[in-house]
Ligand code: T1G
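The data below hold one chain only, encoded as structure tokens and taken in the form predicted on its own.
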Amino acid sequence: MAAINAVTDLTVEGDVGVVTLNSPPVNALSAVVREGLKGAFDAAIADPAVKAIVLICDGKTFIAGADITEFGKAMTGPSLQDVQNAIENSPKPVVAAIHGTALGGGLEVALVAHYRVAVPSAKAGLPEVNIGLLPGAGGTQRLPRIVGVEKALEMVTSGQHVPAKAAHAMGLFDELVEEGNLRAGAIAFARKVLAEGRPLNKVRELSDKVEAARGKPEIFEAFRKANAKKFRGFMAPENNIKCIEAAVNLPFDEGLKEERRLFMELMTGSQSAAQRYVFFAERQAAKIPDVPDDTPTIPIKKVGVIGAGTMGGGISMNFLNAGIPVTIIEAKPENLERGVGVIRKNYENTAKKGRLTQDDVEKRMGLLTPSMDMEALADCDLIIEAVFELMEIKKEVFTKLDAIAKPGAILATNTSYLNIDEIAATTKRPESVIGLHFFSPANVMRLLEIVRGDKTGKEVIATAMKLSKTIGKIGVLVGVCHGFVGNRMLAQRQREAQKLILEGAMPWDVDRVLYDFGLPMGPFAMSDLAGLDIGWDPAKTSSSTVREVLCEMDRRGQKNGKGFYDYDENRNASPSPVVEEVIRDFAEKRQIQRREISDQEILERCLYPMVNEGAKILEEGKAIRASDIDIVWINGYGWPVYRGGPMFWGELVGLDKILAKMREFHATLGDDFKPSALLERLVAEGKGFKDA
């Protein structure tokens, strides 16, 4: 065995040279890896005893992609293209042996080998689109030549990880070899190539699959149309599509140049910078400075949920999905029956779509114990209340829980606004109380705001952070304040949206501006979807807001076909002349002089105060870092990932510009726009939020 460098060695087994790469954790294509691969292939090609070459990786995976930490830095050592040229132009057949995942640059390396073999558990894909990029090392040019245009379009725009069996069926892998026996299987395959005198297959020279799509622009038109909603606002999917078009319409080398041009356009743009930032920010959110990684955690083997409504049912499903038994409590038998019925119906709908088997449905339902007796929670390790959002009710529940729950059990509240320290104070174990704020629908939304009380124990925090991963959530630790991070910032936007419609804009103007910015829907469309009458009491109504007036007129939102908008039988919205009249009358009664309001003002007034509030949250220590605030907004409120979250976006706009505009609004519109001390300090010092 000859060591080429610290991460690569070359062994010769009979007439087969085996290049082995071992660069933990995922064999990413760093400078040292590229150098090792180039050296190993040069040595294997120069060795007359070697007739064929196998490329294999040690550890848990094949090459899992580029080294993202090198992005934007000066390149050292051989380029990836140098490595690819050495492999592709080898006069001896090269077999890539794949286990784990061959992703991004890893698959692009495998695509320059003359053959690819894999174990059945392997996966392959080009997921660059997920960080706002495209495969920049020939992936978009080689992939359609081997799997066809339609499959290639699907793979590069979704970033999907294709299982080995499917990859074999589409021609991406030449052979599947026995699980756990990759090295021997790959060497045997290489010997078969030699014995049969098979050619040096270069993917770049295949043409039948791209020629089949030439002169058929309708393939691309249909694909764009079918995915328009999913790709809205994102540049990377479109650039990926253009690359596949180039593979169809241009000679290979010209296509490579176009791929490089479109790659650089994304690489130097703000969208990919935002998406790469989010990639790291998600991982960073798991790190709590005063809760070390080795903090002991509490085993969660059984969970109790109080409340079987929409929220309680959705919360329960997260644990059932993870195989954790749940006892669900309701006060009335009909509510309990309805709640359990909804959970079953949700699972059965998923099974109808083929994403679960009927057996899976029964297994999950079998883990659910419905009860009307709080005493049934006595043996639970974690109990989450999801009852009505009123402090008196929450306190009553926690007083009872304190008497029932076993010592060491975690008591959690799903409140979205209320003071957790006040709730914890009703118990004799405030160190066991924590906020677990799930977002609706709780079984779908990825965010879990984990709210740390003044006395919450570190083991409880560590357990909640770990548990968030177990149930497929992104946990973000926040502090106690009204609305925590997400809803506290949302309140700023909602307030301005309501003021703007009285001052001159219409609900559909505000919604359009925020939708065009990239949010899934504007505040008024969202109100209609949720129901305008949520929290509205007909007995106490006083026509004090536009929403109250609309509820009094029986305009309840989508549920009855009229809210801020009018809806047809398919729930398609159109601006309502009735609502326009209501708003004008309301403004007139309050002597508000209506005026023309620009789209720019709508954007600035809705979003700049959010950035300012985020700065206050940081200043008060209610979020650990600005990137945590961004993760809350991306995963809980639909902030477009390609804009990186409100704090990242604020820096992109320029904190100095935001401060200047906040000062201007403060002078004309009052204290709602008072700039935060942190924002003023950062601008004065020429710093950003990461320096806060």
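Keep in mind it's a predicted model, so treat the numbers as computed, not measured. Residue positions are given as counts along the sequence shown, with the first one as 1.
The next section is about a form of this same protein that is not shown, the form predicted in complex with the ligand.
Q: Which one of 311, 80, 361, 376 is close to the ligand in the predicted complex, taking close to mean a heavy atom within 4.5 Å?
A: The residue from 311, 80, 361, 376 that makes the contact is 80.
Q: Exactly one residue in 519, 525, 306, 131 has a non-hydrogen atom within 4.5 Å of the ligand in the predicted complex; which is it?
A: By the 4.5 Å criterion, the partner-contacting residue is 131.
Q: Among 363-371, 455-463, 120-128, 225-233, which stretch has residues with heavy atoms no more than 4.5 Å from the ligand in the predicted complex?
A: Answer to the contact question: 120-128.
Q: Looking in the predicted complex, any heavy atom of residue 388 within 4.5 Å of the ligand?
A: Answer no; every heavy atom of residue 388 is more than 4.5 Å from the ligand in the predicted complex.
Q: Is residue 263 part of the interface with the ligand in the predicted complex - any heavy atom within 4.5 Å?
A: Residue 263: yes, in contact with the ligand in the predicted complex.
Q: Please determine whether residue 670 contacts the ligand in the predicted complex, using a 4.5 Å cut-off between heavy atoms.
A: Residue 670: no contact with the ligand in the predicted complex.
Q: Taking heavy atoms only, is residue 343 within 4.5 angstroms of the ligand in the predicted complex?
A: Residue-level check for residue 343: no, no contact with the ligand.
Q: If you look in the predicted complex, which residues in 99-122 sit within 4.5 Å of the ligand (heavy atoms)?
A: 101, 103, 104, 105, 108 sit within 4.5 Å of the partner.
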